[in-house]
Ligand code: TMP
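Before any questions on binding or motion, here is one chain by itself as structure tokens, the form predicted alone.
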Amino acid sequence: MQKTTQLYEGKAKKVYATEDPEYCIVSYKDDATAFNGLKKGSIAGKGAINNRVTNFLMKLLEKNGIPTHYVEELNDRETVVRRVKIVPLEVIVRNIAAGSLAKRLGVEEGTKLHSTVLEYCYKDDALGDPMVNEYHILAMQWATKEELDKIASYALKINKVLSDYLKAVNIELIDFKLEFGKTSDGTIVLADEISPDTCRFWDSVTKEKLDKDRFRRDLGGVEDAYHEILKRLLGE
């Protein structure tokens, strides 16, 4: 499958049309941003790692009954995906208090939550991706009640599958962001990516951060952290 016109360029990826209107090609970049694009930089090899880690985890989720947009990995940086209309919501799944949640609720980062927390943010960079609830989503018609129930159900199942899998390679899944899209026939599928850019991964034993927080917080060792995730998941 060949790229034709560029449809979109985001902070971490470019999306191209193909000769088949049902499919796109996603190309991952090494660009890194944080705080809604206020902090910018580059992480060597990030694009290739995120592409491969995402595809590995999407295939794992497919095997466990979660429909995704993944079709085929073309090379280190490019993947064929089903063309979807993105539901304009970021779905955030939290197992342990970290980042904005710890700050917002005044709890210490690393505090175990008594139950999994699901949060929704409206995808709009200009507004700073504001947090919204189910009432906002239904009122603004970003998703129907049925679609939102399905998204929530998928998000919780994804959390269980990924948490269990990552535990086996000594990675604790602290929290992560998901995006969903609708295919041409209206089916809701998992889209976007699952990578150290979109997940907080901590070493189960040392609690060392193995994700984009190393870039956000100027902790150093960013490339090493991304490579460590690739190594633990794909053995490379």
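Given the structure is predicted, the values throughout are model-derived calculations rather than measurements. Throughout, we count residues from 1 along the sequence that is shown.
Omitted here: the form predicted in complex with thymidine-5'-phosphate (TMP). The next part is about that form.
Interface residue remark: F176 is counted as part of the site for thymidine-5'-phosphate (TMP) in the predicted bound form, having a heavy atom within 4.5 Å.
The closest heavy atom approach of R214 to thymidine-5'-phosphate (TMP) in the predicted bound form falls outside 4.5 Å.
Interface membership of T111, defined by any non-hydrogen atom within 4.5 Å of thymidine-5'-phosphate (TMP) in the predicted bound form, is ruled out. Although the partner is absent here, C199 is a contact residue: one of its heavy atoms lies within 4.5 angstroms of thymidine-5'-phosphate (TMP) in the predicted bound form.
Contact annotation: of the candidates A155, A98, L162, V71, the single residue with a non-hydrogen atom within 4.5 angstroms of thymidine-5'-phosphate (TMP) in the predicted bound form is A98.
Screening V87, L166, I92, L148 for any heavy atom within 4.5 Å of thymidine-5'-phosphate (TMP) in the predicted bound form leaves a single hit, I92. Considering thymidine-5'-phosphate (TMP) in the predicted bound form, the lone stretch of 168 to 176, 23 to 31, 43 to 51, 62 to 70 in range is 168 to 176 [heavy atom distance within 4.5 Å].
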